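There is one chain below, alone, in C-alpha cells, taken in the form predicted on its own.
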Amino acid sequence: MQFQKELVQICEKYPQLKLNFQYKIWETDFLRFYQSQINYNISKTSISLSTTIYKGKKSYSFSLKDPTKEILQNKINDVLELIDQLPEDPDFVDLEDDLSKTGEKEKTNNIEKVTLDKKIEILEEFSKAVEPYDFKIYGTFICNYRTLYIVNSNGLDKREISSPIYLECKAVNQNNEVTVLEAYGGENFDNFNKDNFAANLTKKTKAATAEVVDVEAGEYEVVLAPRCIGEYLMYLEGSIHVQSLDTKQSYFEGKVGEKVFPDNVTITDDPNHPELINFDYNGDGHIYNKVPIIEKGVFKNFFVNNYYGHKLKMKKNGADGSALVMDTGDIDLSEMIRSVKKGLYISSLHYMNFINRRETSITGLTRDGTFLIEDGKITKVVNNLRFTEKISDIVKGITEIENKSYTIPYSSNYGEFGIYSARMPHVKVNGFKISSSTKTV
C-alpha cells in the first residue's frame, strides 16, 4: 500500500516529533428491510486517516477524509505553527513501542461472499416463516470489509483486516406491534445456520401471539437471553478498562485476585475465538491476546492500554473487551425455564443509562419480547418493563448457566457501522428488580 509507505516516510522525516497514524479503508454493503420488503441497499467505500502529533508532551489530533501525502503534509505544517501554544499533558510518556506482530492473515471479503441476491434469498425465507402468525420482518443485514494500518514514530507498521457480518431481524406483529428479535454476527459465514435462525425466530414469533399482560414492580426470577447478559457485561466492561481506575469509576478497584462473583462465572476476552469477529491489535497497535477477566468468580485482569499502563505503572496487555466470552454451564434452556415457578424471560434490553458507574447501578427497559413464565412454561407476553439494578448484583445473582452459547453481534450503526461480538449463554438470575411497567409493548 503506497500511502502506508508514505506514512512511514513522514515519521522518519520528523525525528523531533512523535506521530501516530491510523489509516483505514472501509467498505460496506448495508441492506435495510422494512415490512418484509427491501427498503434500500447502500454500498460505499470510505478512506480516512486519524493522526495524533506529539511535540514533547504537547499534542494535536485530527482526521482527514480521502487523504493524500500533500494534504497530510499541509496539515502537519499547520499543526507545527500552533502546537507550541497548546498545554502539556504531564502524564504522556510515549506511543506504543511493542513492534511484535500477529500473522496479519488475509480474510474473505464477505461483501463479495454474501451477495445482495444471497441476502434477499435468506430474508425471503424468514419472511415466509413468520407470515402465518401475521408478523412482518424489519431490520438490517450488513457486511463490511476494513483494512486498518497502524503506523507510528516508534517503528510500528501493522495491518489488520476484518470483514464482519451483522444481521438483525425483528419480527413485528401487524395487529398489536409486539416485537421479537433474532440476530447473527461473525466473520465466517459458513458458521451461519439459516435453518436454526429461522426456527428460533419462528418460535419467538409464535410465543408472541399470546395474551399481553402487565406485571407488578418487584423482584423476579428471570431467564436472561444471551443478548441481555452480553449487554450487561459490556456495560460492566467500563469498570474493567484501566482508565476507570484513574477516574475512580471502577467497581473492580482493589479487587484483583478477589472473589467477586459466583464460582460458575468465568469470562474471557478472546479476539481469536472462531465464532466471533476477530481482531489482531488494540487501538494502540499492541497485539490483542486472549485475557482472562473472571475465573470461577475471581477478578483477574484489567484492560491495560499504553497510555494508562505508563501513567498507572501497570503492564499493558492489549485487551479492550471487544470479544467477551462467558463459559457455558450444565443445564439445557428448556430445563432452565421449567425450573421457574413464576418469573420472566427477557429477550433484549434498550435505553440503558448508568445511575452510578462505580456501583454499577443502571436503569433501562426490556424490549423485543418479554414473556411471563408460569409453572415452568412461557405463557404470556409482558409489556416492556423498566428495571433499576446493579450489574454486579445481576451477575452475583446468576444461579444457572445454559450448556450452550451463542454469538451475539452489536453495532453502533453510526459512522462506519462498527461491528463487534460476544459469545454468551442464557443465564438464570434470582432477585432481578423490576421498577415499573411501561404499559406498552
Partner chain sequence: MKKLVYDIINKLNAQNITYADVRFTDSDSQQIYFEKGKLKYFGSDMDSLALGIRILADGCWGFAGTSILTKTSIDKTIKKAISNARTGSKFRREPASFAKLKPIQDSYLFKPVEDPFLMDDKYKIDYHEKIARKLVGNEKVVYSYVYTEFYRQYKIFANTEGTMVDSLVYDSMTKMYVLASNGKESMCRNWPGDMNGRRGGFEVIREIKLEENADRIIEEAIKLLDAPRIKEERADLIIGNSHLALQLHESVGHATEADRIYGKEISYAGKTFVKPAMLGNFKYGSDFVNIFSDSTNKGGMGYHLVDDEGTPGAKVDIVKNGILVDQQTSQETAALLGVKPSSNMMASYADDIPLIRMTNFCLAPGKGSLADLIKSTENGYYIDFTKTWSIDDNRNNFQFTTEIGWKIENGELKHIVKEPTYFGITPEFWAACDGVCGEEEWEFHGTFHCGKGEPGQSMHLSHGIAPARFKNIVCNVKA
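Numbering follows the first chain given and starts at 1. Quantities reported herein were computed from a predicted structural model and do not represent experimental measurements.
Only in words, not in the display: the form predicted in complex with the partner chain, which the text now covers.
A.B. asks: Between the options G185, G139, G343, P271, which residue brings a heavy atom to within 4.5 Å of the partner chain in the predicted complex?
C.D. replies: By the 4.5 Å criterion, the partner-contacting residue is G139.
A.B. asks: Identify, from the list V212, A199, I355, L99, the residue with a heavy atom within 4.5 Å of the partner chain in the predicted complex.
C.D. replies: Among V212, A199, I355, L99, a heavy atom within 4.5 Å of the partner chain in the predicted complex occurs only for I355.
A.B. asks: Non-hydrogen atoms within 4.5 angstroms of the partner chain in the predicted complex: do L86, G364 and T388 all have one?
C.D. replies: Answer is yes for this spot.
A.B. asks: Looking at the partner-bound form in the predicted complex, is K203 within 4.5 Å of the partner chain by any heavy atom?
C.D. replies: Judged by the heavy-atom cut-off of 4.5 Å, K203 is well away from the partner chain in the predicted complex.
A.B. asks: Whether T379 contacts the partner chain in the predicted complex should be assessed with a 4.5 Å heavy atom distance threshold; does it?
C.D. replies: The answer is no: T379 has no heavy atom within 4.5 Å of the partner chain.
A.B. asks: Mark P90 yes when one of its heavy atoms lies within 4.5 Å of a heavy atom of the partner chain in the predicted complex, and no otherwise.
C.D. replies: Yes, contact at 4.5 Å.
A.B. asks: Using a 4.5 Å heavy atom cut-off, state whether Q249 contacts the partner chain in the predicted complex.
C.D. replies: Within the cut-off, so yes.
A.B. asks: Sort through 190-198, 163-171, 317-325, 254-262 and report the only stretch with a non-hydrogen atom within 4.5 Å of the partner chain in the predicted complex.
C.D. replies: Single hit among the candidates: 163-171.
A.B. asks: Residue by residue through 311-327, tell me which have a non-hydrogen atom within 4.5 angstroms of the partner chain in the predicted complex.
C.D. replies: Read in sequence order, the lone residue that approaches the partner chain (within 4.5 Å, in the predicted complex) is K311.
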